[in-house]
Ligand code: TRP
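The chain that follows stands alone, in the form predicted on its own, written as structure tokens.
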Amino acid sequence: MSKDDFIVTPWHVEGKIDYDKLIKRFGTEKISNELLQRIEKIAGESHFMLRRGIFFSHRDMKRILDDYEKGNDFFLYTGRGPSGHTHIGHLVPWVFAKWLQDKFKTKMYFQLTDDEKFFSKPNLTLDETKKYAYENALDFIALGFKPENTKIIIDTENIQTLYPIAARVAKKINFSNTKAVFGFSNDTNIGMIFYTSLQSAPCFIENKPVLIPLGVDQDPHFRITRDVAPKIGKPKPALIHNIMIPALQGPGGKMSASEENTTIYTTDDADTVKKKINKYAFSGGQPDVEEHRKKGGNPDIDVSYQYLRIFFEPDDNKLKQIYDDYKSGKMLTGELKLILIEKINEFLKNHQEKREKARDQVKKFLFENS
């Protein structure tokens, strides 16, 4: 792979992603200023992740809004492949989904694909992926979702409901198509080959359109789902994509639950966060203080600034001040890292308290097979 190229699949992200190129490669549509204004008008306010281009691309978002304005409901669906503890990158589509749910008064389904991670991770047992599914569910619940309008689907627990839908989807997908989209080979286990059908199932769990906020790496699954939808008499799922959250070492690739030193987990304590940011967070600063004061830093490649922009500083004015101070050399890398450390630890202290309380609520959220 050349230095200018990149890889984005549901299982592997590598290189510095050019999102304009990715839009063309995947065939999605860039979120325009017109669409941003329309979402803001209907929702009654904007969301900083939209304003900043954290959510940058979509499929059929305009149709969802058209239908909504005509009085036709939609529902939300997102999920998580439970291969380890939740990290801060996983929270991005979930937090945005919560905002969408509140603004559009929708029902929400959250799928935990314990089977897919068992198929795709040779070192994980099915018992382990199921255990992680329940742990990841705590982080989802801790964001403020309510059991009255939010249901958690665990694939191996809810297969009775999912399988009849997945079977109808699977019948309309041929191996040639999945091979072309995912690069499957003769060595690929048949669980992986079938899996897209199961990830499609929640899209059709209700007889109405669905909107899926998700990381853009998961788009290939739903390209296939969208092709299948009219063949089984269902509306095509609409998607809204977020960028990949960089690993601490930045700037290419993405944060990974299986790489401890590249990742901030929601279970990390304050000292661990401080050590990780100080030791590993990629800096856009100069080699020494004198040069930094003279030339300034580059916030556009600095991971600490990017984490503030993506998640931890929702105030646009404060973020601009940090950007300007760092770029001018007024703010040093250590000072920028300190701001991020304080922001993350403040968030995690609150989140971890809610996460513990969620242990007693999980059963209320679990989807019940019909």
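No experiment lies behind these values; they were computed from the predicted model shown. Residue positions are given as counts along the sequence shown, with the first one as 1.
What follows is about the form predicted together with this ligand, which we do not show.
| Pick from 98-106, 72-80, 176-184, 126-134: which stretch has a heavy atom within 4.5 Å of this ligand in the predicted bound form? | Of the options given, it is 72-80.
| query | Heavy atom to heavy atom, is Tyr195 within 4.5 Å of this ligand in the predicted bound form? | reply | Yes.
| field | Contact of Thr150 with this ligand in the predicted bound form (heavy atom, 4.5 Å) | value | Residue-level check for Thr150: no, no contact with this ligand.
| query | Does this ligand come within 4.5 Å of any heavy atom of Ala238 in the predicted bound form? | reply | Ala238: no, not in contact with this ligand in the predicted bound form.
| said: So in the predicted bound form, is this ligand close enough to Gln111 to count as touching (4.5 Å, heavy atoms)? | reply: Within the cut-off, so yes.
| task | State the residue from Lys276, Lys117, His87, Arg226 whose non-hydrogen atoms include one within 4.5 Å of this ligand in the predicted bound form. | result | So the residue touching this ligand in the predicted bound form, by this definition, is Lys117.
| message | Only one of Met244, Leu214, Ala247, Val169 gets a heavy atom within 4.5 Å of this ligand in the predicted bound form. Which one? | response | Looking at the other structure, the residue within range turns out to be Leu214.
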